[in-house]
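Given as structure tokens, the chain that follows is alone and in the form predicted on its own.
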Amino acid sequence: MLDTNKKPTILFSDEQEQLLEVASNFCRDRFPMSETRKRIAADEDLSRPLWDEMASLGWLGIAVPEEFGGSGLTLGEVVTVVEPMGEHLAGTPLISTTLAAQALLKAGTRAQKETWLPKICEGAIATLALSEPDGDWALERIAASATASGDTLTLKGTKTFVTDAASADLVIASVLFEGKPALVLITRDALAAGKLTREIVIDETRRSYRLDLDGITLPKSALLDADKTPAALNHIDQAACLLLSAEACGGANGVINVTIDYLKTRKQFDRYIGSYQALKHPTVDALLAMEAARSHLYYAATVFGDGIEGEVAVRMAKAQSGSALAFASDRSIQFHGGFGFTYDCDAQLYRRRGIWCEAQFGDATHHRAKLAEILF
């Protein structure tokens, strides 16, 4: 039961402060808007040297225990890296790889953890294949399946929005096995040519793929612990919402900066347009919404995993951050006038990122409905 008399507390550790400073400087230097636009047009999914540099900073193992080569911190520390990446529209496999590592930690066997978690900490790319064409946000409702014949599994079905799959060394997919939800490890060499199809998605800084599971065969040892899978899916859902909230909060901050720069340089009737109250007041509203979302975010990071209180905080953060980014980017597009409705306006890219973040793992309406079920 949620303790409504408990006073909310936001904790911000020294590790979080240091990571935020390093990540902010790194993203400012490595992800200027010019590089973001080059990435959209690039053929390759990511810059491997850049990814290796991120791995060398230890970011891939932040929330991985030390026994598996990580730092032994929490997802609260990952939040402080993801937020500045969202501010600069960095399209990297960090979130997908972090979530795959969480799936292994929650449901992987000891052998699977010992095999893959050190590789992930060193720079291996991993991702999750949980979504299906029906767009159901309930992760336990699965149409894809796995059937066993001796020690071999044969998969069937389709997965969508499998981010960074073409670059991934490991894909963790959800399937029904013997009538129950299960997770299976699919290595790169198990994916034959034609199994991945690049999807056209609203956020072009992303690389998203449709995965055809039909006919893929795996050893039965590729199954994660079936008894732990339901809890793992719930953990993944909340972890994804936390990290997407961080990305959205960063995006709101980034687009507000774009707006302010424009208001301070564009003149109309010999006055900077930022001097007009009709533009100043909505900009302040966007800033207040962003700061409110960040408060929800860091409270959720503080209590993440703490039963009902943690779930309520995460769902509130997801709802608030999505709305904050939507409002800030909408106002920015409007303030840029006719130029704002062209592809060359940077505010467009933030609006696209916001739509993506909201659509993944549930939009604001979805999470408010979930909150109503929990609280009332």
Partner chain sequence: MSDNTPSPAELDAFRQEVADWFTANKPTDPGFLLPQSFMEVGTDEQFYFLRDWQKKVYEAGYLGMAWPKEYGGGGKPQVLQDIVTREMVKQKTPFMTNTIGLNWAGPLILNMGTEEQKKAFIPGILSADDIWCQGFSEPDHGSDLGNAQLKATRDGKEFVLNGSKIWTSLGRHAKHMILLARTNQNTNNKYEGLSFFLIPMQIQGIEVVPIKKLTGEFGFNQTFFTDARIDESCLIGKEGGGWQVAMATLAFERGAVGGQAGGHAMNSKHVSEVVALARTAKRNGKPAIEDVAIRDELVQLIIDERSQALNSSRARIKPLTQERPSSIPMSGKLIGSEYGRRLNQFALSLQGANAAYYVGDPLAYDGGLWQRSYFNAFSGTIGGGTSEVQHNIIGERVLGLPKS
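In this text the structure is predicted, and so the values were computed from the model without any measurement. Positions refer to the first chain, counted from 1.
Below, we turn to the form predicted in complex with its partner chain, even though it does not appear here.
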Interface residue in the predicted complex among Glu122, Glu291, Glu114, Asp225, criterion: non-hydrogen atom within 4.5 angstroms of its partner chain: Glu291
Looking at Leu46, Met316, Met54, Ala63 here, can you tell me which has any non-hydrogen atom within 4.5 angstroms of its partner chain in the predicted complex? Met316
Do Leu20 and its partner chain come within 4.5 Å of each other in the predicted complex, heavy atoms counted? yes
Considering only heavy atoms, tell me if Arg198 and its partner chain come within 4.5 Å of each other in the predicted complex. no
Considering non-hydrogen atoms and a 4.5 Å limit, does its partner chain approach Ser329 in the predicted complex? no
Should Ile333 be counted as a contact of its partner chain in the predicted complex, where contact means heavy atoms within 4.5 Å? no
Note: its partner chain not shown here; in the predicted complex, the stretch from 277-285, 201-209, 127-135, 152-160 having heavy atoms within 4.5 Å of it is 277-285
Are Lys264, Tyr298 and Thr365 jointly within 4.5 Å of its partner chain in the predicted complex, each by at least one heavy atom? yes
Could you list the residues in 349-376 that come within 4.5 Å of its partner chain in the predicted complex, counting only heavy atoms and keeping sequence order? Thr365, Arg368, Leu371, Ala372, Glu373, Leu375, Phe376
